[in-house]
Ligand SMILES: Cc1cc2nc3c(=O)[nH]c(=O)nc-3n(C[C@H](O)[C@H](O)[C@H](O)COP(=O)(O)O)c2cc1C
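One chain comes next, on its own, written as structure tokens: the form predicted on its own.
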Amino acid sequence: MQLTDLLGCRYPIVQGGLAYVGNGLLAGAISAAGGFGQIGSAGRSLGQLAQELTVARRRANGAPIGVNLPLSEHADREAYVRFIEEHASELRAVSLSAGNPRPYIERLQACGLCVMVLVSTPDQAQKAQSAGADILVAEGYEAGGHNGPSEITTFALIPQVARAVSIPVVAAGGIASGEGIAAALSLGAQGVQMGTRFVATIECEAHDAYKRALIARGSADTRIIERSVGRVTRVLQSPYVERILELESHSPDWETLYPYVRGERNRLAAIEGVTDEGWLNCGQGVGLIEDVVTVEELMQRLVKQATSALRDAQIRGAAFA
């Protein structure tokens, strides 16, 4: 079955979970505009998640929505799984990331939900398919936030995953324009997942300082933090991030590093705009962000760009005929 049929959306454009800033208004607006919006559960209590779900459903105006569940981010992940089960009738899909999805796939499908699983290698993709996943989100090293330790780039990852599995593949990592969407489709994906670009929209609850920073920066302005402790997190360069990297250069243990990289530091910068005391997730596609617009305007632009790029590629491809 095709991606858009599984998700019930018009366009094969999925919103990433976006820790702290993946709010209900944003998710609902994306779905109403023809994409597939997801509420981010990272950084939200169950009560807050319920509130955002109400907002998302109202804004989506009947269009399907989903929830992103990063398994390792919730100390009581079982409570969040039960929440999703209890609200399954209000959702179309759930995406699972940052942890082993196998114990939860059949449970969530039994509630009538489509299950997406984030992977970063072809091997992970095959394992997720064998576990019963409906859709795979293959995320490359260019993506903002937490990435796979293999550090495979999107351009190399997508065709390998597409060849390794038979279920729909969604490309993620560094995609911020219609041209990127066209490229992902050409590599074998059925759609794309975008995160950073959706932060720079009116409906996203990210602080204005976050949005302004995305406009001002280029693709060379991201850094990887937490590598010293075996994690890969792509963030926007800043004096605070340089402090983290300086600390990491001395190979600190997790207890020493944690106060600087804990989620609260991300929330402080992303929601409150205190960027000198926290860090901002950001993918390498940031160099393509030039303005803050409504979700509807952005979706129309993406569709127009993708359509034009695919048409141009078909013309250029005539040289191989």
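Worth saying up front: this structure is predicted, and the values here are computed from it rather than measured. Start at 1 and count along the sequence shown; that's the residue number.
Omitted here: the form predicted together with this ligand. The next part is about that form.
- Message: Considering non-hydrogen atoms and a 4.5 Å limit, which listed residue (Y240, Y210, Y80, Y104) is close to this ligand in the predicted complex?
- Response: The option sitting close enough to the partner is Y210.
- Message: Looking at heavy atoms inside 4.5 Å, which stretch does this ligand contact in the predicted complex, given the options 119-127, 246-254, 194-202, 104-112?
- Response: Stretch with heavy atoms near the partner: 194-202.
- Do heavy atoms from each of P70, G144 and N281 fall within 4.5 Å of this ligand in the predicted complex? Affirmative, all three are within 4.5 Å.
- Message: Within 4.5 Å, heavy atoms only: does I13 come near this ligand in the predicted complex?
- Response: Taking the distances in the predicted complex, the answer for I13 is no, it never comes within 4.5 Å of this ligand.
- V261, heavy atom within 4.5 angstroms of this ligand in the predicted complex: V261 lies outside the contact set for this ligand.
- May I ask you to state whether A19 is within 4.5 Å of this ligand in the predicted complex, using heavy atom distances? Although this ligand is absent here, A19 would touch it in the predicted complex, with heavy atoms inside 4.5 Å.
- Message: Please determine whether L136 contacts this ligand in the predicted complex, using a 4.5 Å cut-off between heavy atoms.
- Response: No, L136 stays farther than 4.5 Å from this ligand in the predicted complex.
- Residues in 302-321 with any heavy atom within 4.5 Å of this ligand in the predicted complex: None of them.
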